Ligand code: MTE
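As structure tokens, one chain now follows by itself in the form predicted on its own.
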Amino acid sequence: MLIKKPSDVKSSEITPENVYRKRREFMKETAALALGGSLFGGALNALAQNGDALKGRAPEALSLAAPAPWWEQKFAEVSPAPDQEPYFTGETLTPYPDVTRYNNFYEFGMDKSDPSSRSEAFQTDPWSVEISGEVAKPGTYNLEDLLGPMQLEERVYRLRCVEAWSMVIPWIGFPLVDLIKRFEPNSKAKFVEFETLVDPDTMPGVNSRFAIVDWPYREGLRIDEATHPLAFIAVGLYGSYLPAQNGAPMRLVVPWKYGFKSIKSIVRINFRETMPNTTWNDLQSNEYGFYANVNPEVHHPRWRQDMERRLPQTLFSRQYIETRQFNGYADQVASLYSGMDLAVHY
């Protein structure tokens, strides 16, 4: 699947976000997508190859710096998501404005709008990731070396927040297992630990007197979870690069778990023998378990988990749907937890 650069796109090929959803139909019409009048200065460029697998390219957020040439080359070809579960849901996509303006990323602030409005200074070039622990190839790798061998692909996943709202997002990235294999973890590597960047100069929430997190933000998976085919490293969404507020330049996406497990802006991956401490589990272990699997039968003290609000929403229009076990991915991942009491290992 070819995703053209903006300079290569004809005006007749520019289409709005709703056309992006129609994966088997190419409609030649033009429309601009504007947020707040001038927040985004582009439009979704929908492209079709052989009239099939329609793709879209979203406008880049102002908070995301122009990518290096090698980065653009990685987006030159993206394998489209197959039109079937589990890599494609068939559900209505959450519009790009909601995906990029309704975020939890406390490094930028506590409000949902803070990550998009307060991340203008955030930089992703240069970027490096430290690989450590029980692996044959530890070291600090720059982003180009990490992503260079990877074939990018699209996956349309549900995202379910523990706060009982949800989205459907077309991510661009690659399976986490493909990255893990490159570092050759040994038999002692039972868990994978992740850390987010801490940069007070570009992340104003880090120095906030209202901050509740002991930085850096930390998350973790069991090695069998991390190497499951659904676990994904996202570097883009809606056919374009990740905005800062969505976890640029690379983030984790674990679709069967609550959203706080899908850690953003990763700078460290540590392979370890013992279960790592994780941010929310340390803050309130009775509310946030290590596993954080979506489970409609185990409620959070403040949010019921059997129903969810599917975004977008307005003050007078809210869509509530039933939450499914493992966020609808039970057929793929339930075997990972065979014999476990999910009310205890929540």
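Residues carry their position along the shown sequence, with the first being 1. Every value quoted in this text rests on a predicted model; they were computed, and no experiment measured them.
There is another form of this protein, the form predicted together with this ligand, and it is not shown here; the text below is about that form.
S.K.: Quick one: of 232, 105, 191, 122, which gets a non-hydrogen atom within 4.5 angstroms of this ligand in the predicted bound form?
M.R.: When this ligand is considered in the predicted bound form, the option within 4.5 Å is 105.
S.K.: From the list 74, 228, 155, 251, which entry has a heavy atom within 4.5 Å of this ligand in the predicted bound form?
M.R.: Here the answer is residue option 251.
S.K.: Is the gap between residue 118 and this ligand in the predicted bound form 4.5 Å or less for some heavy atom pair?
M.R.: No - in the predicted bound form, heavy atoms of residue 118 and this ligand never come within 4.5 Å of each other.
S.K.: Going by a heavy atom distance of 4.5 Å, is residue 171 a contact of this ligand in the predicted bound form?
M.R.: So residue 171 counts as contacting this ligand.
S.K.: Looking in the predicted bound form, any heavy atom of residue 271 within 4.5 Å of this ligand?
M.R.: It does not: once this ligand is placed as it appears in the predicted bound form, residue 271 has no heavy atom within 4.5 Å of it.
S.K.: Is residue 88 part of the interface with this ligand in the predicted bound form - any heavy atom within 4.5 Å?
M.R.: Residue 88 lies outside the contact set for this ligand.
S.K.: Since the chain is shown here on its own, which stretch among 252-260, 220-228, 133-141, 183-191 would lie within 4.5 Å of this ligand in the predicted bound form, judged by heavy atoms?
M.R.: Only one stretch qualifies here: 252-260.
S.K.: Would this ligand be touched by all three of 281, 303 and 323 in the predicted bound form, meaning a heavy atom each within 4.5 Å?
M.R.: The answer is no: none of the three residues contacts the partner (heavy atom, 4.5 Å cut-off).
S.K.: Note that this ligand is not shown here; using its position in the predicted bound form, name the residues of 242-258 with a heavy atom within 4.5 Å of it, in sequence order.
M.R.: Heavy-atom contacts within 4.5 Å come from 245, 246, 251.
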